[in-house]
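Heads up, the chain below is alone and in the form predicted alone; it's given as structure tokens.
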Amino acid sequence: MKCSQKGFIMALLLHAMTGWSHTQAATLTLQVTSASGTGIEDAVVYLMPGKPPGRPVQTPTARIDQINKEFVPLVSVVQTGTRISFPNKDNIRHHVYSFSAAKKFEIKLYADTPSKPILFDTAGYVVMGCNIHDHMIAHLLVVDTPYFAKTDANGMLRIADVPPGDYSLIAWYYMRPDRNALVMPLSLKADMTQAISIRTRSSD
């Protein structure tokens, strides 16, 4: 479900924080819903630990395709330091660019896949477009944590391999990118089972 901006409400339901393994890592299952209880697609939830989680040993990679004059996926979330490729699967050329403060870049008219992926090394919100096809828009959230996920069509997501500790849980929605829909503290402990239901209304 794509929720309109006006009167936007995001609710987070944290179900059964269990599944602790011998390595003491948890899997969180969450649902993001509208005021009517319908799942919201393409919302992002991420956990910021109390201390920096550190960079991955290997440089993470991702991709955002162009298919039928659309960016696929519409919304992406990656960890800071990720390199993203932009394959063009159409039989016409595209010109991908962004003027966002978190990342300014330009890939001029091209076909196939550019040889050099773009490095996203600053956390923040990045809006991308095509200089040839004005209706083409993509949304990217770059976060300083490896603990993140994006909701499916039912508003569900899973964040796996989360170690015990204190976190800030942050929910973000691309139709309200100017503010976080929800920020809350979260403390995870080994052998913990907890359910939290929180609803917040963003002001207009």
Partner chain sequence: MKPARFKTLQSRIFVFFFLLILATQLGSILITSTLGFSIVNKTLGEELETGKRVFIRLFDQNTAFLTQGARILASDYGFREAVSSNDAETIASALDNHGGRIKADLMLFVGLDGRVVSGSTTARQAIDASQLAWLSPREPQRNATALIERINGRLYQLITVPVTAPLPIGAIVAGFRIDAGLAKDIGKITNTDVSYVSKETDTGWAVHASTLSGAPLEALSQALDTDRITTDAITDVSTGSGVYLSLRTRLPSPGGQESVAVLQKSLDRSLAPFRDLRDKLLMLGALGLLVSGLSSLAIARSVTRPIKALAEFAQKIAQGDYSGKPVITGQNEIADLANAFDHMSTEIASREAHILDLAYRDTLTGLPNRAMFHDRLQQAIHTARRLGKPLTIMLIGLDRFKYVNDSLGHHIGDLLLKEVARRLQDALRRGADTVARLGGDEFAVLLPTDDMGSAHKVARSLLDALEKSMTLDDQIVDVRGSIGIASAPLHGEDITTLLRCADVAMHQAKRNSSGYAEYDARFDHNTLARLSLMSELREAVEHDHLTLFYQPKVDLKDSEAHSAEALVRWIHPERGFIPPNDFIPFAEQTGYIRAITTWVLNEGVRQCAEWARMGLEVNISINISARDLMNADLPDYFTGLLKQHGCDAQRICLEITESAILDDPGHALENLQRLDAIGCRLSIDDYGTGYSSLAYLKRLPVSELKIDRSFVQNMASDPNDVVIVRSTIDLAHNLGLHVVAEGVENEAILSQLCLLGCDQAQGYLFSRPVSAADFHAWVQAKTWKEQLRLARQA
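These numbers come from a predicted model, not from an experiment. Positions refer to the first chain, counted from 1.
One more form of this protein should be noted, the form predicted together with its partner chain, which is absent from this view; the next part is about it.
- The single contact residue among Ala62, Ala35, Ile137, Met156, judged by any heavy atom lying within 4.5 Å of its partner chain in the model of the complex, is Ile137.
- Only one of the listed residues (Gly124, Gly81, Pro114, Gly129) places a non-hydrogen atom within 4.5 angstroms of its partner chain in the model of the complex, and that residue is Gly129.
- Considering its partner chain in the model of the complex, the lone stretch of 85 to 93, 72 to 80, 102 to 110, 116 to 124 in range is 102 to 110 [heavy atom distance within 4.5 Å].
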